[in-house]
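Take a look at this single chain in structure tokens; it is the form predicted alone.
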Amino acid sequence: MDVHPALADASTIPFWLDTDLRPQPLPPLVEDRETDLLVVGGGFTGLWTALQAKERDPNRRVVLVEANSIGWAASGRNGGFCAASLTHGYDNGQAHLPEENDRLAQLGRENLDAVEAAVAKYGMDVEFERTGELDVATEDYQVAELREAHDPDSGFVFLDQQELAGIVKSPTYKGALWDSREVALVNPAKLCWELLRVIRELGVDVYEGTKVTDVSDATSTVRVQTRVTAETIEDCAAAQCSTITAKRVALATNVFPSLLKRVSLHTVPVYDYALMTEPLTDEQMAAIGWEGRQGIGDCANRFHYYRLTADNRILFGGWDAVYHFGRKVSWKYDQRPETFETLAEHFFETFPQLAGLKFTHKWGGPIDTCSRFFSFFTSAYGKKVAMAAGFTGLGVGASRFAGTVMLDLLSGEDTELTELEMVRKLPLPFPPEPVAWLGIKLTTNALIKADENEGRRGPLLKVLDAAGMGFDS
């Protein structure tokens, strides 16, 4: 099938950010400041941290600085799947943290409930839908594992091919597991902008176009050097520098180079891509069903994720995960025509009844990936600085939990969260170049081969599993 006509007029702006609802830019910081808490980063992690800080102590002075604009990076480009899981699935949590995996699963459910409660409390217009997610089998060998996970009392319901066809119609489906409780869908950019609205109403001072360049200890405080930036991170020009003196600092820079050198090798940026269709007509919606509006993901290592928007478009993303030599992050990588063509081909294989549908947007962006595939934490300067990173695609939901953890760490008190092995134990770092690039390339090829071999993991993947760097989606 020639997909070029379907892609021909697609905008390269991420769909969620391509709207008149985008807030007006906020001014940069151009003078020295003092504050009780400085939050560095204006994505989900930083925004949730600032919100919870003011909820804990309304009188606390909180400043948030963002190098570009609020929600412009991964937080405004993702699929909007807000999951309860903090560990990228129960099995991955069991592989890395078996002794506390059950507790982490419960904490994740509590965190998703708290996200939903915050949306209601503050009247956030974020298109929140707690629809759950369908994990669909597209190969026969995948069905048995999904059937084994059937547990209606826990909200996991197995659907055979015929039952699934009554929910979503695709000739590629063999069966599915419906996780009915632990995934919600949101408009991610709206969530960023509504969090911004709320924290400003609570008294947080927010500065955009303000890049932190250095963090240093200053006895009882932390000093942070900033500079005003141009429109993009890479083209930034020092227009004016300032110093922020803070009692505590929360670092929420995620995919971008860490301001703490000790963890500079613990993440790598991996590029993910997505398409968005034009709105479906009533007839097209009837042709595919999907009245439950669940999020959908398939079971392969190279998986797709897709969902409906409020106006019945379909976001269709995933498949390729692209790493660039040297841990490079660049706007130049946001577009990848070969991946868009592959995604479009897979879309029409999944829903052939939608032939002729056009894509209105095509975009990509980097994800901060760590070797255990879920977030890690660290602190510095006598717990005056805390950091969270490594979400590996889970940041929509897990970012709120990360904010909770960082605030606990910065409190200096021992809490249940600060005592978790998840918080105390760092994942294994990635090696420096060129070993990192070669290792990621070999691992990607091994995962592709496993998909082609009915999921059977080859020698390299078994070695990575044994070393604590394995992942089975």
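What you see is a predicted model; the values in this text were computed from it and never measured. Numbers for residues come from their place in the sequence shown, where the first is 1.
The same protein also has a form predicted together with a small molecule, omitted here; what follows describes it.
A residue is said to contact a partner when one of its heavy atoms sits within 4.5 Å of a partner heavy atom; Arg77 meets this definition for the small molecule in the model of the complex.
Contact annotation: Ser375 falls outside 4.5 Å of the small molecule in the model of the complex, judged by heavy atom distances. Residue contact check for Trp290: none of its heavy atoms lie within 4.5 Å of the small molecule in the model of the complex. In the model of the complex, none of the heavy atoms of Phe340 sits within 4.5 Å of a heavy atom of the small molecule. For the three residues Glu139, Ala149 and Trp319, a heavy atom within 4.5 Å of the small molecule turns up in the model of the complex in no case. In summary, among the residues Leu134, Val126, Ala300, Val396, the only one with a non-hydrogen atom within 4.5 Å of the small molecule in the model of the complex is Val396.
The contact residue chosen from Tyr323, Phe347, Tyr173, Tyr305 relative to the small molecule in the model of the complex is Tyr305, the criterion being a non-hydrogen atom within 4.5 angstroms. The candidate stretches are 433 to 441, 42 to 50, 55 to 63, 418 to 426, and the one lying within 4.5 Å of the small molecule in the model of the complex by heavy atoms is 42 to 50.
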